[in-house]
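Heads up, the chain below is alone and in the form predicted on its own; it's given as structure tokens.
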């Protein structure tokens, strides 16, 4: 075919016509590609590539080390670390549930006030927990061990468990170059660092969006056109009029910062959840932060943010922006699990009550006033962030957020 075409082409204009015909024919067989401006493509480019290539955590000298990952995995699934021997990390962060628990609010030895976040893609974060009360993954990994409502252990009990378990002690020595010594807090911190090394390996798979993003950036329009049209329309809303990308930015679809979005922060029977305001206070008061003695990064470059943190009134009721990869698999949503479905989330932003936003906070949110078709398109885009092999939504999906008019 191409030899015959080459003999018949006598001008550059003819080449353009033939190639345009071939591309149009191919696109017709695969799907319809919407028109994206160069500005749109720049925004889409910023949402990848995936997976990212990240260096080890400089604050954790065993980050990325195979022995630490092996020890961390063993500790993650060990109930011996809990106070009564009944709980382990996987009790709440269930691998089969995308490393969360499917509950509105987490439940350890008693019910908690906040939703259990997924453990996927933690290496991309800067602050940890809904309130950012920790500035490293290893410190965040220690917190539930000591929390009375979660695993209710103690510094001494965790250290004793590692020392007395022959296999754990051997793995500890292989990881850190020595047997767990007399310093209980040092042993606890090293447990946290091994747990962090394991959790850093939990990375979500590439999604249909990633294939589209890479094809669009590369100029492969035929491959890009295979991406469902509803998801393309939802993406246009996400990076455009909806301005979701202002907070859900970057390859993980999160800027890693904290925002107040009109979700109530009252806790039934126990006052209010102050969010980032209280998180900053706790972070500044602990020895287990980047300013403390257990930071393995001698340069202390990563500690600059922690050093300059101060609680401000606007931080009250702010919570960390979650990443959106595999979001369809991590319901319910928000810091308190108050929204059951993605449609509920989209409806919240569509009909946002501005009077519920903090008077002293940032004022970047406005109600989107989306019609039913736009809501469904936005949900279709969010579904397309599901990792391949994790039950991604089909290209043709039923209306989910209201009747369509197309």
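Residue numbers count along the first chain shown, from 1. In this text the structure is predicted, and so the values were computed from the model without any measurement.
We do not show the form predicted in complex with a small molecule, though everything after this point is about it.
- Under a 4.5 angstroms non-hydrogen atom cutoff, the small molecule in the model of the complex lacks residue 41 among its neighbouring residues.
- Among residues of the shown chain, residue 50 is not one whose heavy atoms approach the small molecule to within 4.5 Å in the model of the complex.
- Residue 68 falls outside the set of residues with a heavy atom inside 4.5 Å of the small molecule in the model of the complex.
- Within this chain, residue 197 is remote from the site of the small molecule in the model of the complex, having no heavy atom within 4.5 Å.
- Exactly one of the stretches 176-184, 289-297, 203-211, 312-320 approaches the small molecule in the model of the complex with heavy atoms within 4.5 Å, and it is 312-320.
- For the candidate spot formed by 172, 190 and 256, no residue has a non-hydrogen atom within 4.5 angstroms of the small molecule in the model of the complex.
- Scanning 88, 74, 160, 97 against the small molecule in the model of the complex with a 4.5 Å heavy atom cut-off leaves one residue, 88.
- Checked against the small molecule in the model of the complex, the candidates 224, 137, 168, 230 yield a single residue with a heavy atom inside 4.5 Å, and that residue is 137.
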